[in-house]
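Just one chain follows, in the form predicted alone, and it is written as structure tokens.
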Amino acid sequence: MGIGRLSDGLAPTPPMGWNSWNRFGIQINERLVLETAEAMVESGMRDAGYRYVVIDDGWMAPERDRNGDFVADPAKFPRGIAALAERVHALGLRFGIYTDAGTRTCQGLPASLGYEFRDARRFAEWGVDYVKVDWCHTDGLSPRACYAKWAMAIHAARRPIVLSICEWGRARPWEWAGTLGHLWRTCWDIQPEWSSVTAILDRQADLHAYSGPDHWNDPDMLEVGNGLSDGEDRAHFALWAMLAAPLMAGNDLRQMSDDVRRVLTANEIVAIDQDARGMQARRIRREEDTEVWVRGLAGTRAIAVALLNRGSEDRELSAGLDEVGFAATDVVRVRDLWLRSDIGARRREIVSTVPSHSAAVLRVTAY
């Protein structure tokens, strides 16, 4: 299958962490990254499974050094990237960085075309654990060829590094990227708006066959805590968990509300995302503003069901047992994962009242 066939064990479940872009753009620096890493520990996010602290576009100096190597912007990262990675590692976390496959990054900074092996080697020397490779300024280039070169470069650098492919779903990466990277963007950039979350969700509905351990569809980073309503935050987080999506927080962890922290650290929802079977959910029904998504789980006849209410009014939503994979005559145990409470035994159907722009997530187990 070629170098980098991803049974390498680096991403047996979807990566979890934080990325600077959604909240901070290029306004990043050493202090912000360290304070965020510390907040990840203090908030309980590290204990909930978040591991990667990833700096996005904006970290590089405007030019490479005389040897052709990347240099960190000395005003933003005066002690350099290796020292920053070391301090992140000391907190029990992993460190991630950004580059671009083309001639310049999306913000016009030096990128990696023609420097893939040099840059991968430098990232390895710095102690990088995760690399996001973007797709700006790539006119005339082949995504397959560029990312194959990146996979070879990372292999040659001889450090375990997760490769995040970010060509925005332009060339149907789900069909080929599983031999090269650990995750690949399936869509355009997310925005902190309900319409953006639902449009991206629609884009994922037919991609479930392409995702699994060490190779994940990536519907982009989380906007939880960036201006959505509380219900929208819960729906966004829940559906990304159902999709077995990478959970990369994108908010300011240093000053998030208790409500946002509770969403991001909801252990039973995170457990769905991180389920060892790695099965992405399927949308089995869509009627007007309501949807039913189902995901198989590891273990004996257990599934997760998300009941999504995209509409402007609260709704009672239901799903028949025969719809979600059981026999109509079965008796099942149902647990509400947001409420962390057992609903009890059910026959024929499962029912939940779901607020506007929100989602209920239920674990359903056969007796």
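Being a predicted model, the structure only gives us computed values, none of them experimental. We number the residues from 1 along the sequence you see.
The same protein also has a form predicted in complex with alpha-D-galactopyranose (GLA), omitted here; what follows describes it.
In the predicted bound form, alpha-D-galactopyranose (GLA) sits within 4.5 Å of a heavy atom of C166. Residue contact check for M221: one or more of its heavy atoms lie within 4.5 Å of alpha-D-galactopyranose (GLA) in the predicted bound form.
Mapping the unseen interface onto this chain, R295 falls outside it, with no heavy atom inside 4.5 Å of alpha-D-galactopyranose (GLA) in the predicted bound form. For the chain shown alone, A124 is not a contact residue for alpha-D-galactopyranose (GLA) in the predicted bound form, no non-hydrogen atom being within 4.5 angstroms. Taking C146, V270, C106, M256 one by one, only a single residue has any non-hydrogen atom within 4.5 Å of alpha-D-galactopyranose (GLA) in the predicted bound form, and it is C106. Of the listed positions (H182, R234, K132, R94), a single one reaches within 4.5 angstroms of alpha-D-galactopyranose (GLA) by any non-hydrogen atom in the predicted bound form, namely K132.
Figure note: of the listed segments 132-140, 235-243, 209-217, 278-286, the one touching alpha-D-galactopyranose (GLA) in the predicted bound form, with heavy atoms no more than 4.5 Å away, is 132-140. Contact annotation for 21-53: a single residue, W21, has a non-hydrogen atom within 4.5 angstroms of alpha-D-galactopyranose (GLA) in the predicted bound form.
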